[in-house]
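Shown next as structure tokens: one chain only, the form predicted on its own.
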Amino acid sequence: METDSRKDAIVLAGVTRLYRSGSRLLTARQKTIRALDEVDLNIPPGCIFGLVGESGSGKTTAARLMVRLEKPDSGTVSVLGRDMAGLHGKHLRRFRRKIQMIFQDPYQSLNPYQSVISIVSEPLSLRRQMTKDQRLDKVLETLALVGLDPPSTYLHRYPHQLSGGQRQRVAIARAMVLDPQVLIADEPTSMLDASIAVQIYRLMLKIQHRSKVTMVFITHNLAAANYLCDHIAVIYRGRILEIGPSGSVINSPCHPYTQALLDALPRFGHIWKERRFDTMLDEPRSDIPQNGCVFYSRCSKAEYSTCRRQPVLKSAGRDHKAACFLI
């Protein structure tokens, strides 16, 4: 399926991704897990789009599908107007220059046996027309962009000689050195101290404003999404439960799960007004309907007669949608 890249940078249409656990020999014991369940998502170009949810919600699976590290079991994933499933071989390799990913663990994503210059310049090997001096200039320019200054002093360091924040800046430099049009950031600060995380957030804003790259920011933290993102989608057990402009989703949350995520935010500095939605049950319900709302077992507002069906996204305001019968 081809889409108009001028309208949407990334489109997920009816995407389902299944995983099977258990022994392949004992097929009767295998369990099917729906990491993504008929997800529809349209991400406009030139924005920072936040995908928010707890561990196991499916947000990282969505990211891996966007960069074609995995394929959906059904539905289509289109990036910059191209159906990712239709790209193979050299065509896929060439297209991947336009879409890059920052992984959450800089300790694991960088090769400990490579120096910074080797790590950051490696993607430039795809540009065979560049000379050695041109590659070096590009590496120095990109290291300066991510705040490793003066960049020449970092070229011959190895990952173990860098702090956690510096490692993540190198990972960002590696992703940006090809001047991608789409950047996927999968919880890029989860392994960093809070003060360093704020520096990385500011760096990401700087990069996006300068390059106009479409950025997908994956996080479990609504506060971080509110700081960075233009639009937010809240995902739970593979389904999008709420989506809209970040200000609308944060200030007027409609879905009980979004409200529960806001309740979970620390309020030490009283950044938000003190408020409680109390939508998350301490003990999950046992009377779970087979095809009901995915949040039913944990929702304090749920009613069996109403929530025994799966809700679909419906309007909750301008460009704001939520999948809940009770709004």
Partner chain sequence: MKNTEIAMTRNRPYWRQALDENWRRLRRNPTGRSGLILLLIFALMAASSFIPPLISPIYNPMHGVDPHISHTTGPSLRHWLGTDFIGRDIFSQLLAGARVAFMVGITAAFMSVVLGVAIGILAGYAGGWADTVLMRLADMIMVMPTLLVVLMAAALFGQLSIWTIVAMIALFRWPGVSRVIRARILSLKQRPFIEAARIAGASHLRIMTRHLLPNVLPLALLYMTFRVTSAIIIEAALAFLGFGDPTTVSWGMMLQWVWKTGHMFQAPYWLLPPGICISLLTLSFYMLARAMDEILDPRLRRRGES
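Positions refer to the first chain, counted from 1. Keep in mind it's a predicted model, so treat the numbers as computed, not measured.
The form predicted in complex with the partner chain is left out here; the points below concern that form.
- In terms of contact with the partner chain in the model of the complex, the residue from 108, 131, 252, 74 that brings a heavy atom within 4.5 Å is 108.
- The candidate stretches are 109 to 117, 207 to 215, 76 to 84, 237 to 245, and the one lying within 4.5 Å of the partner chain in the model of the complex by heavy atoms is 109 to 117.
- Interface membership of residue 123, defined by any non-hydrogen atom within 4.5 Å of the partner chain in the model of the complex, is confirmed.
- At least one heavy atom of residue 100 is located within 4.5 Å of the partner chain in the model of the complex.
- The shortest heavy atom separation between residue 33 and the partner chain in the model of the complex exceeds 4.5 Å.
- Interface residue remark: residue 288 is not counted as part of the site for the partner chain in the model of the complex, having no heavy atom within 4.5 Å.
- In the model of the complex, the partner chain lies within 4.5 angstroms of at least one heavy atom of each of the following residues of 167 to 193: 174, 178, in sequence order.
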